[in-house]
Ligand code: COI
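Quick setup: one chain, the form predicted on its own, written in structure tokens, and binding and motion questions come after.
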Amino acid sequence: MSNAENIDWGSLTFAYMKTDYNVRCTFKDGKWGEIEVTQDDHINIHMAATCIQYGQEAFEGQKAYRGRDGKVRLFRIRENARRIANSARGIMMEPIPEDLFVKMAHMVIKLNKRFIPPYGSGAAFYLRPYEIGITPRVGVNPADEYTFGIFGMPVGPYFKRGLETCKVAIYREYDRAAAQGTGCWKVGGNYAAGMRATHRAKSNGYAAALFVDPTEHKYLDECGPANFYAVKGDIYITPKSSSILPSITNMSLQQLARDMGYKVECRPIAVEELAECTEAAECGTAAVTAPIEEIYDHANDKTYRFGNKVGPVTLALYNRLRGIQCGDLPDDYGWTEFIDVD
């Protein structure tokens, strides 16, 4: 177990760290049981469990922040609850009740309060909720029993030296998910399917792979494990596709963009339209926004450039959303909720 008192908050990376407690709950005999608090970071499951044999697994990612006022805030946690329930339904698992999800998230934060990074460190307390099928199956059928759990740990800032630009690559020969498959749900199989493209991109000096649609291979899809958006004149554009995971961060940025006077368009975006855009970025829980300076389309040996400095729209969106998450700016949307850790 880590000693929270000796943590160098500014040097943290995005990596697993054992904290004091995690929480779990089991669905059995048609109902969810009592919440279990444990210090054990292992799960004892049958080797034929459906999560292992048939991929019945879904997860979420969420951060809690300590503000300048000392209060701890969670950002749009109920959207995470709704999304994991939707993922569960998508792969025939038992949906987690929203109130149970939120209650367990609060518990993990309170039980591990000494691991919540201080304000100004750039670090946050990361929550990883997950659901797995635990019934042994050797025939392809959904489980009857499920385990839902949440663990958490402090993680460092995505950008160690402040907001920085990155380069990404498009490899049209890889598909992250099928058109009517599991892409819109947050399940592990989507991430496994994208690993080859991501590995290739990083081996060639890029930060991530930008996927295109799995049907025609001509429209932008997801960017690694994140959503994608671009700025075209006075329009915030983001891809629309049945294979894209709905991003809570992207949803929030769209609202902020509207309030800044920008039009928002969620629609298919042809790769060639990037030539008309002035800014591009990944967006998700880890980074909020990761500005892109260059997109290389391998199939056509063409590079789309957006400049090696963070664009003004992306910078404004980042500052506004981070300000709300950390309590530096007023939350006019009711997105944050406070956690009483004392």
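Since we're looking at a predicted model, the values are computed, not measured. All residue numbers refer to positions in the sequence shown, first residue = 1.
Omitted here: the form predicted in complex with 2-OXO-4-methylpentanoic acid (COI). The next part is about that form.
- Among 137, 78, 232, 128, the residue placing a heavy atom within 4.5 Å of 2-OXO-4-methylpentanoic acid (COI) in the predicted bound form is 128.
- The single contact residue among 52, 35, 45, 286, judged by any heavy atom lying within 4.5 Å of 2-OXO-4-methylpentanoic acid (COI) in the predicted bound form, is 286.
- For residue 307, no non-hydrogen atom is located within 4.5 Å of 2-OXO-4-methylpentanoic acid (COI) in the predicted bound form, even though that partner is not displayed.
- A residue is said to contact a partner when one of its heavy atoms sits within 4.5 Å of a partner heavy atom; residue 219 fails this definition for 2-OXO-4-methylpentanoic acid (COI) in the predicted bound form, lying far away.
- With a 4.5 Å cutoff on heavy atoms, residue 158 counts as touching 2-OXO-4-methylpentanoic acid (COI) in the predicted bound form.
- Heavy atoms of residue 16 never reach within 4.5 Å of 2-OXO-4-methylpentanoic acid (COI) in the predicted bound form, leaving it off the interface.
- Only one segment in the set 54 to 62, 309 to 317, 37 to 45, 294 to 302 has residues whose heavy atoms sit within 4.5 Å of 2-OXO-4-methylpentanoic acid (COI) in the predicted bound form; it is 54 to 62.
- Residues of 171 to 191 that come within 4.5 Å of 2-OXO-4-methylpentanoic acid (COI) in the predicted bound form, judged by any heavy atom, are 186, 191 in sequence order.
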